[in-house]
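Take a look at this single chain, the form predicted on its own, given in structure tokens.
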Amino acid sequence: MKQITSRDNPQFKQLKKLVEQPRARREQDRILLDGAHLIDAYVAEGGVPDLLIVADGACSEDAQHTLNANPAVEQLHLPPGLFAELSPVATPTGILALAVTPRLPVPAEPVFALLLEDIQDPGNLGAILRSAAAAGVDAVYLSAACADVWSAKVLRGGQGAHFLLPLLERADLCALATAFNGQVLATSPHGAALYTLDLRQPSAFLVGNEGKGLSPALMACASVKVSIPMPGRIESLNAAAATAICLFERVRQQAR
């Protein structure tokens, strides 16, 4: 067990870079997992953390269980004030893990794909990934302007989805949509009603930016525009909610 009490400590500075800088996460191929649930999900999929970071005197029961379940992993103890500088939440659970960024192989010919263009809200992106994992999506492709998929907020929103999904960042979405061996469905306010389409065939959904939607260039790569019927007096749905509805309509049709 190691103890750090100063924010000038080189190891603490390096950990803080991982929290704040996507470039540092890419260069080190490391992420910080916040909370017992995420750490346990990582371990359940075969991951072994490099380091467990513990808040002295502020470790929850779940966090203590995670510590006990990983006795061989080195521990770093921090005062609560320093720990709070690494945790993205207002009320930390008292445990973080430094871990290798998981990279699941992307299938050469997915039959159920999700292409995300410029999703910028980390909470939205995390929720979308969680729905994609739950729906059994084969691969998720993200444009360069999406929020950093390995940020703490996206990881927390994903609730372990990152460890189950092949993710391809900074992807050329137009090229992928053009090459996809199946129908490519662009979410749009003005398109064919989702529930009238046959989604039992290979399908790729295109989902665009929260405010602007899909770019004209990517929209042009789609086979069909698809909309979600909304009888209520609301103009649009949250991107994460709309994506979940589309994905699980395919799940429903596949189960028939």
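Predicted, not measured: the structure shown is a model, and the values here were computed from it. Numbers for residues come from their place in the sequence shown, where the first is 1.
From this point on, the text means the form predicted together with a further copy of the same chain, which you will not see here.
Which is the contacting stretch out of 76 to 84, 142 to 150, 160 to 168, 92 to 100, given heavy atoms within 4.5 Å of a further copy of the same chain in the predicted bound form? Within 4.5 Å of the partner lies stretch 160 to 168.
Among Met230, Ala58, Val48, Ala69, which has any heavy atom within 4.5 Å of a further copy of the same chain in the predicted bound form? So the residue touching a further copy of the same chain in the predicted bound form, by this definition, is Met230.
Of the residues Lys225, Arg26, His37, His65, which one places a heavy atom within 4.5 Å of a further copy of the same chain in the predicted bound form? Contact check passes for His37.
Does each of Ala134, Glu235 and Val251 have at least one heavy atom within 4.5 Å of a further copy of the same chain in the predicted bound form? All of them do, each having a heavy atom within 4.5 Å of the partner.
Considering non-hydrogen atoms and a 4.5 Å limit, does a further copy of the same chain approach Ala244 in the predicted bound form? Contact check for Ala244: yes, within 4.5 Å of a further copy of the same chain in the predicted bound form.
Even though the partner isn't displayed, in the predicted bound form is Leu176 close enough to a further copy of the same chain, meaning a heavy atom within 4.5 Å? No, Leu176 stays farther than 4.5 Å from a further copy of the same chain in the predicted bound form.
Might Ala127 be said to contact a further copy of the same chain in the predicted bound form, defining contact as any heavy atom within 4.5 Å? Looking in the predicted bound form, residue contacts with a further copy of the same chain include Ala127, since a heavy atom lies within 4.5 Å.
What residues, if any, in 184 to 219 have a non-hydrogen atom within 4.5 angstroms of a further copy of the same chain in the predicted bound form? Sequence-ordered list has one entry, Tyr195.
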